[in-house]
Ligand SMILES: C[S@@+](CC[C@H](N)C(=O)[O-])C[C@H]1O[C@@H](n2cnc3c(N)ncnc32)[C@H](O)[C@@H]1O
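Before any questions on how it binds or moves, here is one chain, the form predicted alone, in structure tokens.
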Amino acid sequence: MSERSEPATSVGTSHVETEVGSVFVSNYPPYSFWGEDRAQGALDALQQPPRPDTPLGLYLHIPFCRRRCKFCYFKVYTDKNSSEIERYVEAVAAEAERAAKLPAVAGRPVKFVYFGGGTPSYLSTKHLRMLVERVRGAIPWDGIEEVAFEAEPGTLTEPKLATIREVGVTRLSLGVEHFDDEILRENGRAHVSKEIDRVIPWVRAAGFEQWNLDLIAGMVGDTDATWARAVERTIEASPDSVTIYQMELPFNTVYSKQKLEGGGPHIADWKTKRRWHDEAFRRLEQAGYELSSAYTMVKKGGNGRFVYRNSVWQGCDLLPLGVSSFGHMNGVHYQNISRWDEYLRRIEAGEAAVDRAYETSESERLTRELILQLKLGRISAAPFQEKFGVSILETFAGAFDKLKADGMLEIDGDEIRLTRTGLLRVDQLLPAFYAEAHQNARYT
């Protein structure tokens, strides 16, 4: 659950150059509409019983990394020692124990847990066991459908992978991003290819129900040849799923600051990144994978489900734990305080960590679920009619007609399908569905 710092419509379908400003849409309304003056709304929502038939998931933010990538804008720390990390783990556990007693959480079954970062695999086995034991003790995971966990190759050892599996992780996502050492080093990644090669057999042997490999198309230094090799190396690794993102330039990254100052390295344009993305998807299809979303391919006949993604996109409740983490409970979006010292102070003082919030309307929740589910590439209007009592084809007729005329989607009766062109630029299309008040707004 990462903060995206973009002007929401800054990169339209006609833009070629990769401009500063993120494109990826992870929530709605844009974060810039969330306010500290609305934080009480989140606290009130947590004191209310849950809405009927709404699943609950947990998001645990692990904000530690060996190194900050030059394209990274997440809340991460590269300078924390073991005692500081242990203090943080204890704080997150205490936050979970306190949340477990709130009416919105108490007694509810948990559908999924997501460990995000930062780098969750940066945690030592001692700290990981400590965190899981405390959180599970407060909010039981009995009957859980998925525990997803992000990992960086250089932080993994065979014993640590065994521990990750032992604490219940079912879906491991390996943040490879690329296989070329020069590209990895230039972009500030902490690992190189020998660490990837070392860890993949360990991941296979650990016996996760599913493991995913992440790639980024268009990292600084990427070429047709290096990208093609990265795709082939991915196929050789044979993960259960492959997730591909297109390189972007959010504000507050090393590369973005350089570009705003008139310098910095060349970043591939959107046309090139979309072509690479498309070539990777086509090659993966030849290798026995099929489409799961605009970003993800899964092995045919394998375990390709992603409970966290699907639940969030369908409007579940998500309890955020940790510094700067995002969630939504009872129709209210909110974020925890993003300052390390203040987060720890509040938790240790028995105070709430909520920093800013936004209480959504029914129409905003409809828009949010529509735009996020469009990332699947194919949706039916019927579930929206059943849940919200409105026809999305009528409510959003203008946006659908425009995108259809532009060749971005097709409509066949009740079904809406993105074309391949639309799929490869889906995040750049989604602001077409925003309410007028949210158009052209900075995303954060």
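Quick caveat: nothing in here was measured; it's all calculated off a predicted structure. Just count from 1 along the sequence shown to find any residue number.
In what follows, reference is made to the form predicted in complex with the ligand, a form of this protein that is not presented.
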- Message: Please identify, from 226-234, 327-335, 213-221, 285-293, the stretch that has a heavy atom within 4.5 Å of the ligand in the predicted bound form.
- Response: 213-221
- The one option of Ala151, Leu319, Val147, Val298 with any heavy atom within 4.5 Å of the ligand in the predicted bound form is Ala151
- Which of these residues, Cys72, Ala357, Leu128, Leu370, gets a heavy atom within 4.5 Å of the ligand in the predicted bound form? Cys72
- Query: Within a 4.5 Å heavy atom cut-off, is Ser241 in contact with the ligand in the predicted bound form?
  - Reply: no
- Query: Taking heavy atoms only, is Tyr245 within 4.5 angstroms of the ligand in the predicted bound form?
  - Reply: yes
- Query: Is the gap between Gly304 and the ligand in the predicted bound form 4.5 Å or less for some heavy atom pair?
  - Reply: no
- So in the predicted bound form, does Gly315 come within 4.5 Å of the ligand, heavy atom to heavy atom? no
- Along 228-242, which positions have a non-hydrogen atom within 4.5 Å of the ligand in the predicted bound form? none
